[in-house]
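Shown below, as structure tokens, is a lone chain in the form predicted on its own; questions about how it binds or moves come after it.
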């Protein structure tokens, strides 16, 4: 894709983010100075459609971006100059005074929701700092494995996992030793991110690791704060009754939200677009989140959920500001 084609795709995406209406070649030619005719832009749009970045709704001659386009936009062509957003959000946040742990998160959530006009989701896990001390796996049946996990807090979990093949006892002894070596000291949020190489039983090892992560997550005491959910229903893509109902149902499933948003994301802001999300209504939305580890205070995942046509620059700016703000404020309490 050449520079002009990318610039036209960027214009289509940003126009659609603003208007929520299909974008035509005449609109692009009139509002964006590409120095070419609307016919040339129309040809470029035909190419973008052929490449699978945009599509034409049956009700309009204009084009709208699809999931692939938003991912390309975020990864490749989004303008990273965010200063015009950061200053405004800092002003909105500057009046917040240090208060209780939860109150700070409530305030930040409310401000981000007001600023972005999307929903904000914060998950506080005060025992998210708990780490693994020991893992032991025992054969309980031909293809059934009993997993025993002891946490540093001395909390002990045990559960069954069905594997795809019979695993010899000597291999399970090696499993136990290897998992304890790799997971000892790993915090509950980070289990699924830990990689263990056991080639002959790769799939079953991954299944056991996923089960460990899921059962630890279920035991964590969490507090979920959702602000601005009603903002979503102001957006045309969520006016449909069934879609709105799916969003409400998803936001009410606390454990599902925890499993989705608590993943660390390598200490970075994670952006999931459409089908990259794992659950319910979010498969038709964009989520952006960041997990913060505050050691003795536990872990917090903070995110924003909005439409596919999210204003990515604005939300990313607010998330970067939250990153700085959270660290500054927690040093004061």
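Numbering follows the first chain given and starts at 1. Each form is matched to the other, and the largest set of C-alpha atoms that superpose within 1.5 Å is called the rigid core. Note that this is a predicted model, so its numbers are computed, not measured.
Note that the form predicted in complex with a further copy of the same chain isn't included here; everything after this is about it.
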| property | result |
| --- | --- |
| Touches a further copy of the same chain in the model of the complex: residue 75 (any heavy atom, 4.5 Å) | no |
| Distance check, residue 150 to a further copy of the same chain in the model of the complex, heavy atom within 4.5 Å | yes |
| 4.5 Å heavy atom contact, residue 140 to a further copy of the same chain in the model of the complex | yes |
| Distance check, residue 79 to a further copy of the same chain in the model of the complex, heavy atom within 4.5 Å | no |
| Listed residue (144, 181, 203, 237) with a non-hydrogen atom within 4.5 angstroms of a further copy of the same chain in the model of the complex | 144 |
| In the model of the complex: members of 140 to 166 within 4.5 Å of a further copy of the same chain, any heavy atom | 140, 144, 146, 148, 150, 154, 156, 157, 158, 159, 160 |
| Core-aligned C-alpha movement of residue 229 between this form and the one not shown, 2 Å or more | no |
| Threshold 2 Å Cα movement between this form and the one not shown at residue 172, rigid core reference | yes |
| Cα displacement of residue 157 between this form and the one not shown reaching 2 Å, rigid core superposed | yes |
